[in-house]
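A single chain, nothing else alongside it, follows as structure tokens in the form predicted on its own.
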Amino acid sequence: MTPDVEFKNVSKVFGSHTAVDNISFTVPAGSFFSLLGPSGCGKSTTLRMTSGFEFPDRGEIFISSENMAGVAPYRRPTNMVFQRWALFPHMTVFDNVAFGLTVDRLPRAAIRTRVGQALELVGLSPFADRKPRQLSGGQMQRVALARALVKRPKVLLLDEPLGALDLKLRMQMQLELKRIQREVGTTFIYVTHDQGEALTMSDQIAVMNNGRIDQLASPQEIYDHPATRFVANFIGNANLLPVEVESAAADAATGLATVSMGGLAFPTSVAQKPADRRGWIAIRYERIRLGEAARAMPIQMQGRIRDAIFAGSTVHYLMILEPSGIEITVEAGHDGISRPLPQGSLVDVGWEPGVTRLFGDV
């Protein structure tokens, strides 16, 4: 299947700063594709080059197999939803959504039909006659989404559209956005620094770092098998622990290496083969077991609880492994009955070999 968007060796430079550094990727038709990374990593610049608000200094961008070199934003089969909704305050919801179609001079009957369909899609049909000031933040975001979708773009670009919403509403809108994307079948390219948003909604995620793509894969692949230390640290919560590499794997993609930490040697999966004996392993908080569960694990050691942080459904334990003195964080489920383990307790700690990833010391 021909991708809806394709970047080929694209770079963008602002003065002495390289915002996007020779990236290549494709966005499958009808998919929900996220550009994820911290501020300044190049994700918004990548989105703006897709829309035509910026042009690349090197490389090519294709939308539906058409080269976008020199093509103005209004001539591209894209539309954009911003973090701030930019609704016309003097217009009704209906008129806000209809604005683009009116500018395009579509017949009134066609405008009524398409606006009605768009409002029904986002669940705002009963609010068609209201003004933006009469709506909640989530409702205004839905109006902005309907206004973008009503023009039936080939690709919808979303630049952190949920950033202005509170946490609970943001979580509700994540599910709504995914539902809407599946119903309309439009390709969504979504920019966010929020890993939870990307994991919840995306079919594919491109994790960006310093203008480059560190990893492009499904949410589960990125979470379970991060390709770089940056990805392991940025996605989810992971302990990054220094180790000595006893024997490196022959196949860095699938093999195991033996590492040692605090005098204990154990196997680990390999993401990057270290150049020398120094390396790091990443292990997610929730994949470490404590107490009786730890005693059933192939890799076992002991740790002393320095602090316990109650977080509702989970408890985070800050621990010092003995005898190495290495500090780790463990996330344990809270069953609603038992109390957290007391500070100062010496408890068994354990995990499975496959849940750690080895990275080079860079």
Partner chain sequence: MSEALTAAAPVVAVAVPVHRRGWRQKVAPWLMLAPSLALMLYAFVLPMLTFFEYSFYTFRRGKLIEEFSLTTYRRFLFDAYYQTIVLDTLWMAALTTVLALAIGYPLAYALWRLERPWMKRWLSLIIFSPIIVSVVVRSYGWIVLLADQGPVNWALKGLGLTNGPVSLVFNLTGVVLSLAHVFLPFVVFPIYSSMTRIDPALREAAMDLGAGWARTFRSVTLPLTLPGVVAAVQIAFTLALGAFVTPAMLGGGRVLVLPLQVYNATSDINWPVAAVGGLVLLVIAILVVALCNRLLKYSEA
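Residue numbers count along the first chain shown, from 1. Superpose the two forms; the largest set of C-alphas matching within 1.5 Å is the rigid core. The model shown is predicted, which means the values in this text are computed figures rather than measured ones.
Below: the form predicted together with the partner chain, not depicted.
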Q: With the partner chain left out here, work out from 235-243, 193-201, 276-284, 95-103 which stretch has heavy atoms within 4.5 Å of it in the predicted complex.
A: 95-103
Q.
Within 4.5 Å, heavy atoms only, which of V122, L87, M173, M261 is in contact with the partner chain in the predicted complex?
A. L87
Q. Quick one: of G138, G163, G255, P73, which gets a non-hydrogen atom within 4.5 angstroms of the partner chain in the predicted complex?
A. P73
Q. Looking in the predicted complex, any heavy atom of R142 within 4.5 Å of the partner chain?
A. no
Q.
Quick check on K168: any heavy atom within 4.5 Å of the partner chain in the predicted complex?
A. no
Q) M91: heavy atom within 4.5 Å of the partner chain in the predicted complex? A) yes
Q) Are any of the heavy atoms in T78 no more than 4.5 Å from a heavy atom of the partner chain in the predicted complex? A) yes
(Q) Where, within 121-136, is there a heavy atom within 4.5 Å of the partner chain in the predicted complex? Residue list please. (A) K131, R133
Q) Does N237 move its CA by 2 angstroms or more between this form and the one not shown when the core is aligned? A) no
Q: Determine, after fitting the two forms on their core, whether T92 shows a C-alpha shift of 2 Å or more between this form and the one not shown.
A: yes
**Q.** Core superposition between this form and the one not shown, C-alpha change of T200 at least 2 Å
**A.** no
